[in-house]
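The chain below stands alone and is given in structure tokens; this is the form predicted on its own.
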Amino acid sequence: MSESPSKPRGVEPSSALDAVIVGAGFSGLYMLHRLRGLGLSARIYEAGSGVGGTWFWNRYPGARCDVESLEYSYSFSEELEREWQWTERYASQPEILRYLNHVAERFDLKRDIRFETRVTCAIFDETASRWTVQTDRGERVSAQFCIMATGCLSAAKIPDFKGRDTFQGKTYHTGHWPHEGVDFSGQRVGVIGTGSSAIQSVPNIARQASHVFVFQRTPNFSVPAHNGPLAPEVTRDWKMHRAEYRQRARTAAFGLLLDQNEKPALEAPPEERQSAYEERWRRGGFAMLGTFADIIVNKEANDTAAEFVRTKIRGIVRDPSVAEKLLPRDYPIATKRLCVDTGYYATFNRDNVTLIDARTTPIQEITPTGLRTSEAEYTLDSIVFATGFDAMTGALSNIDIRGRAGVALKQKWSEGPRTYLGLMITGFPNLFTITGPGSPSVLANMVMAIEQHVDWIADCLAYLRQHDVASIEATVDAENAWVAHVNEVANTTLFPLANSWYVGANIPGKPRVFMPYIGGLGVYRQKCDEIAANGYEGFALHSCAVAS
């Protein structure tokens, strides 16, 4: 019988902390800052060689945020906001990474971060009400609290194509891009996938490569970013009214200043609808989501927005047969994450770009010299996998997490993730998940969602300390009720109609469960605050370790 991973023979924990944080992206950095403010000892373990999380790894050409830079930034420090100057409306990956390094240095966070260290195992000790965390460097640490700041889009997924390992050229995944960059000059490049990372990278790759072949299985809706330098008057206005804008964002459905029109699309005459969509298209970005109140709940209303975007695509792409392939038709607009692009559709007007419909002519195998579909073979120098992530649960599933009675999180979630508020999991005391499944997370401005979770966790830990509580755990009834509520709310919308990564559809064998909470960040924040105000309703609090 093999020895349990929780108790390696002859090894004692190397140190003891109040909290271990896994991940040094937006979540982990702010969590460390808050815990220090409480006087708690905490340490971050980070697999990368620097801070940044998703912005450390995703360095593909054209990588930038789809939320405007002034909004996609921390709001917890007015001084930080006043001293940092964003240069573009939508910040690029290098600028966001510089920002996060600035934050880490400004608040002296790096001294409590272990870089190039991956957490492999976290085991709950029921006797001591503590977690034993192990790393790939052989370190073991004991902590009362284990906080997963692992990110929603951090476990890269490469499809297991036949012959993948035989390819003699170079392969890349957009989520793990070489830090030194890639020069595609003179190359024949295959890009597999047409999600957000492909939509951002393809125009840039096409400007370098001799030819780009884009293999598309499912076309995506994308709207223009209209990116450019951030106007000084916009920055001045933001800094003058930052408190008001931040408060509005915290209570908004998507955590964004969308200027939501409360009028239903179907109550507007066709001319008014067309004018409203045109105005939002000119604004660019996620403004389209706020055009009318019923776009994500009424299919007929959604059809008006979807057809507007399809008409725009037809007007941009000169070859009607190519345009037809690029038109999304089998899911409502915005039920997969709406993409934001710079020149994506126009790129298909270039002579050196070819679109291959991988739905009608599927990829059959990777060959030593390229790629073969059911219809043709393509000679390639490089292949770019823009194939996304095992979203929301993948990074957690990659760690051996064991709660009460040694039950593995993978086992607990074998039929889909179950949480209370996306914050805690029954059977896993003192384990917190920042923007976990069952919270607004990817359906909101991530920084607003992160700050709300981190603040709630920090306030919770302060409460536990004040009341001499050793462990906190979601109750079975509360978790069941929350999972039912998340599904009930999702089913009032059009989101479940799409085979998206929101339901794990991009991962073979992954249970189809709508993972994020679509009730809105403002509503969710209110629910969390009420639960805390009611003495952490739905949680079991124990003043000493409780055996199972």
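Numbers for residues come from their place in the sequence shown, where the first is 1. Just so it is clear, the structure is predicted and the values come from calculations on it, not from any experiment.
In what follows, reference is made to the form predicted together with ligand FAD, a form of this protein that is not presented.
Exactly one of Met288, Val202, Ala149, Ile425 has a non-hydrogen atom within 4.5 Å of ligand FAD in the predicted bound form; which residue is it? Checking each option against ligand FAD in the predicted bound form, the one that comes within 4.5 Å is Ala149.
Tell me, which of Leu431, Leu153, Val353, Leu421 has a heavy atom within 4.5 angstroms of ligand FAD in the predicted bound form? Selected option: Leu153.
Looking at 105-113, 235-243, 438-446, 320-328, which lies within 4.5 angstroms of ligand FAD in the predicted bound form, counting heavy atoms? Heavy-atom contact with the partner occurs in 438-446.
Would you please decide whether Val67 lies within 4.5 angstroms of ligand FAD in the predicted bound form, comparing each non-hydrogen atom pair? Heavy-atom contact with ligand FAD at 4.5 Å: present for Val67.
Is Pro516 close enough to touch ligand FAD in the predicted bound form, meaning at least one heavy atom pair within 4.5 Å? Outside the cut-off, so no.
With a cut-off of 4.5 Å between heavy atoms, is Ile399 one of the residues that contacts ligand FAD in the predicted bound form? Residue-level check for Ile399: yes, a contact with ligand FAD.
4.5 angstroms heavy atom contact with ligand FAD in the predicted bound form for Tyr60: Close contact exists here: in the predicted bound form, Tyr60 approaches ligand FAD to within 4.5 Å, heavy atoms only.
Is any part of 39-63 within 4.5 angstroms of ligand FAD in the predicted bound form by a non-hydrogen atom, and which residues would that be? In sequence order, Tyr45, Glu46, Ala47, Gly48, Gly52, Gly53, Thr54, Trp55, Trp57, Asn58, Tyr60 come within 4.5 Å of the partner.
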